[in-house]
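Here's a solo chain for you in C-alpha cells, the form predicted on its own.
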C-alpha cells in the first residue's frame, strides 16, 4: 500500500503496517548489493560431512587417480557448479590425477568448461594430469561397465583420443585403480552410483548434491555407504572456506561464500521485517485497532 498525505499523520504502528511494498523491494535489493560492494565475509562453519571429503582428498599422495563425476545440469549449476570447482581445485592443488566425466545429457559442455578452466589455473596437461571422458547415455550401464574396464564404454575420450594412447590411463582400468569416486549431482544418477559402484565394487564414494536433496542422504552417510556429503551452496561455501588461502593465492572470488553472504543478509532482513511487522500488529491490537 502506498503512503498518502493522510497516512503520514498516522501513528507509527499504522504506518509500519501500511508501508509501501516498493520500500521492501528496495531493502531487499540493498541487502543483496551491500555484500558485493563492501566485500563483507561472514564466517561459514565447516560441518563434519564436508570436512571428511576434504580430509580424504588432502591425505592422498600426489599422482593418485580419482574420478570426478560431474553429473549435474544447468538447472542445478548455481549450487553444483561451485562444488565442482572447489573439489577440482583441491585435487589439482594436491597434484592428483583426475578423470572427469558426466552422465547428464545436458552437462557435457559444462563439464568440459570445468575441466579446461580449472586445469588452466594450475597449468595441468590434458592426458597427463587429467582426462575428460565426456557424456555417455544409460548411466546405470556405464557405471557398471567401469567396474570392468573404462574402455568398454569409453574406448576414447571426449576428444576422440583412444584411451590406450593417453599416458595417464596406461595403468588405470577400473574402480580398483582409483582412490575414490566423487559424484556431483543427485537424483537417480546418485542412487545408481551408490548401488552399482559402491555396493557392487566397494569403491569409496562421496557425493555433492543440492540443498533440497541433501537431507535424504544423511542416512546413507551414517551407514557408511558414502564417506562424505557436500550439500547445496552452503556445503560449497564450507569447502571454499577450507581452501580460502588457495582462492586468495589464485586471486579468485569464492562464489559460494559470496552467495551465502547475500543469502545471510537477505535472511537477516526478512527476520527483522517480520519482527517489526509483528510488533506493529500487537501494538495496534493493544490500542484496540483491527
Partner chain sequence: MSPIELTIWQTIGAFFTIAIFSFLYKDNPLYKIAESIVVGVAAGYFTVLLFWTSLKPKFWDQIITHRDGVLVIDKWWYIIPGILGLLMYFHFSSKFAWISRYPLCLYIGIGSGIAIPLSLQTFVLRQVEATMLPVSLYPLEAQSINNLLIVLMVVAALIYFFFSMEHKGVVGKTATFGIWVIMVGFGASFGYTVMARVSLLIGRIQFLLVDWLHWVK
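The model shown is predicted, which means the values in this text are computed figures rather than measured ones. Positions refer to the first chain, counted from 1. Definition used throughout: the rigid core is the maximal C-alpha set that superposes within 1.5 Å between two forms.
The form predicted together with the partner chain exists for this protein as well; it is not shown, and the discussion that follows is about that form.
- Contact annotation: of the candidates 96, 108, 168, 178, the single residue with a non-hydrogen atom within 4.5 angstroms of the partner chain in the model of the complex is 108.
- Put simply, residue 118 is far from the partner chain in the model of the complex: not one heavy atom of it is within 4.5 Å.
- For residue 183, no non-hydrogen atom is located within 4.5 Å of the partner chain in the model of the complex, even though that partner is not displayed.
- At a distance threshold of 4.5 angstroms between non-hydrogen atoms, residue 127 is out of contact with the partner chain in the model of the complex.
- In the model of the complex, the partner chain sits within 4.5 Å of a heavy atom belonging to residue 259.
- Using a 4.5 Å cut-off to the partner chain in the model of the complex, not one of 164, 242 and 250 places a heavy atom inside that distance.
- Taking the partner chain as positioned in the model of the complex, the residues of 72-87 that bring a heavy atom within 4.5 Å of it are, in sequence order, 75, 76, 78, 79.
- Once the cores line up, the CA of residue 253 ends up less than 2 angstroms apart between this form and the one not shown.
- Fitting the two forms on the rigid core leaves the C-alpha of residue 30 displaced by at least 2 angstroms between this form and the one not shown.
- The two forms, fitted on the rigid core, differ between this form and the one not shown by 2 Å or more at the CA of residue 265.
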